[in-house]
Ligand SMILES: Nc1ncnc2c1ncn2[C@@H]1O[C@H](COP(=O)(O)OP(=O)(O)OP(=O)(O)O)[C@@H](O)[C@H]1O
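A lone chain, given as structure tokens: the form predicted alone.
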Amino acid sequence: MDPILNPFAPGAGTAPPELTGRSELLHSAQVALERVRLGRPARSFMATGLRGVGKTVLLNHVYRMADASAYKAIHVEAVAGRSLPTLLLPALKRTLLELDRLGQVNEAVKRGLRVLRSFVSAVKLNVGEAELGIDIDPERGVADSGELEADLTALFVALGNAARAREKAVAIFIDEVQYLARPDMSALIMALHRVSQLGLPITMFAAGLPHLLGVSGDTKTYAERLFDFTSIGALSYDDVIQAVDLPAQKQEISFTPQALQEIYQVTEGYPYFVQEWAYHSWNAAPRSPITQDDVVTAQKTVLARLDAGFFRVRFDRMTPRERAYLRTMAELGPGNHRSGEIANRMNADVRSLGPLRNILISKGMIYSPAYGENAFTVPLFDAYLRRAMPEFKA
């Protein structure tokens, strides 16, 4: 089969040729965008799920929806150890300057820039971040207290008023939001809560790992009333069939039912892996239809690529002790595992492993689906660990 015509798109955050199984979620996002644009209340949106379920793809899709409407869309990706002001300030500055250029001089927009200047000064004095050049006097006494919750709230209110003055709305998109420090998350939730109370045209769409709900709830008790938390999981069998078969049909190529069944079984319905298997099955097939044998033939190539990239990049971030904890989980089999069960297998006291477990959660390698339980954030990672550490003994 011609690899140049291969329609499948394996890659981090790469949009698949056919986005299936997410129509209800996208409809909800569209409704929220329209309600906020019209000045009506709508909850901000947080998508949670394991690696490889397509959270970033969905976030980018909704970003394009907002950008095509009367929105100023801001996209950032949270990084461990980087503060929320550092992430947001360049985009907020650009947004306010764009609002300033939209028409005649407007006091609400000018005030937004002055408040931003105040916020920048406060950030510089208190957390040592690099100051952005803004050639305007600050709004004294607003967003300059050095208290992030109060100052970010004041900045968001000023931004919301500036957007409303220009008949625009602002949508903030944050990927990997679980990496925000708890004080930053608290400040973000408080700021969004206030603009929602005031009916200002600002909303947020975020994506993160499954423990995000617990982090948000611990930070502010009203988070569950402020956000729609949507859990994104693996695709159903029918959705996988559509994701593979429809793009192929557009190229006048088909997969046999057995081939489609094989792809569903080996990928367990996770969208990233579906794209990998479909892509390499296409390249392995000599002709149409693509058969189950072609899928099986492609598996060696797929696993080699995943092991060298998708899995390996995460494995290399782990210390030997962290790898041992994860490998012990893999040894226990699929599903969730109690902390005590892991400790017993490692011949260690469960309390002594608590800090190690917390580090793995902070690194995004595992999460706690229930109290005292542990699960991988990366699908199929247990099988990779057994391949990477075949001689392991707890």
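When you see a residue number, it is the position in the sequence shown, counting from 1. Computed from a predicted model, the values in this text were never measured in an experiment.
Just so you know, the form predicted together with the ligand exists too; it's not on screen, but the next bit is about it.
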item: Heavy atom distance at most 4.5 Å to the ligand in the predicted bound form, all of Thr14, Glu18 and Leu50; value: yes
item: Candidate stretches 38 to 46, 340 to 348, 56 to 64, 354 to 362 - the one whose heavy atoms come within 4.5 Å of the ligand in the predicted bound form; value: 56 to 64
item: Exercise: Ala191 in contact with the ligand in the predicted bound form, heavy atom 4.5 Å; value: no
item: The ligand contact in the predicted bound form: Ala158, any heavy atom under 4.5 Å; value: no
item: Touches the ligand in the predicted bound form: Asp151 (any heavy atom, 4.5 Å); value: no
item: The ligand contact at Arg314 in the predicted bound form, heavy atom, 4.5 Å; value: yes
item: In the predicted bound form, the one of Ala324, Met185, Ala165, Leu235 near the ligand [non-hydrogen atom within 4.5 angstroms]; value: Leu235
item: In the predicted bound form, the one of Tyr272, Phe255, Trp282, Phe119 near the ligand [non-hydrogen atom within 4.5 angstroms]; value: Tyr272
